[in-house]
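For this one, two forms of the same chain are given in structure tokens, first as structure 1 and then as structure 2.
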Structure 1
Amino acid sequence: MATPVSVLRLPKGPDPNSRGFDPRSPRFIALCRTSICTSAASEADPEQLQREQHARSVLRESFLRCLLSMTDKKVQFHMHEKVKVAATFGASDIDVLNFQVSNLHTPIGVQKEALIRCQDVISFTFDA
């Protein structure tokens, strides 16, 4: 006799023209406040805004270059409760919410492909 199983509802998926989840979905509100707002001082002063945006772009560019150089490298992830896992890094989404990795070595076995939720990660290490 089959027992009925409750339906698990997934959050509304990305809309085809955009780059992420529905901005009104609970998942989005909880996890994806994508852009960090400009500071109050910068909003009032255009020169300050210019400086802030310049700093932002310099920082972001070298972060993206770092992510690029990490592709296909062995990465050690340090997660909460002292969990350590190793995997081959693939990619990150633009908001740095998920990492795509291959050959994730977990305590119960190797997962061929996986997404790691960044909220669960404290830090990660690789050899450049």
Structure 2
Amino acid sequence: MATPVSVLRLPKGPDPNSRGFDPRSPRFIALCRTSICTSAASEADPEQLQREQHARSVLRESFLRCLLSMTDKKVQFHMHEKVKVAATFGASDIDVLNFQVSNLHTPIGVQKEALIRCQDVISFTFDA
């Protein structure tokens, strides 16, 4: 029988909608860079910049479609230190910093509901 594992609940964010921490706070800036720098070549060449932006938008769209198709499916997360966990995917927060999952099966037990920090995930797989 799976053993339930207690989980530390994080406090709600300081904004009234509880959507997260202030984007101007030092903690948010340190953990959640909002953009990736463009390459040196694209700074000099406007066409290269446009191609790079298009590639980023295509990758972002396919990632968001992947998240959408994972909803309510069994997902295996491959994490640091060769830890593998499985859970039913629920949702992601607006900045894709955390994944909400159900029935999280870990090496030490099962958690009914949990948040997985995206920084801890190396990759994930699921059956389409």
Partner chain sequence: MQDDWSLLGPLQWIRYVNKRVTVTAGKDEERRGWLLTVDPVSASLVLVDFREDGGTSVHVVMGHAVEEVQVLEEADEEMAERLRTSFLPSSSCSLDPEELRRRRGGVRSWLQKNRVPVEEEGDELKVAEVLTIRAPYGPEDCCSSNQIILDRIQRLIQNLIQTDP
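A quick note: this is a predicted structure, and the numbers were derived from the prediction, not measured. By convention here, residues take numbers in order along the sequence of structure 1, the first being 1. Here the rigid core means the biggest group of C-alpha atoms that line up within 1.5 Å when the two forms are laid on top of each other.
Undergrad: Only one of structures 1 and 2 is the form predicted in complex with its partner chain; identify it.
TA: Looking at both, the form predicted in complex with its partner chain is number 1.
Undergrad: Determine, in Å, the CA shift of Ser62 between structures 1 and 2 after the rigid core is used for superposition.
TA: The alpha-carbon displacement, core-superposed, is 3.2 Å.
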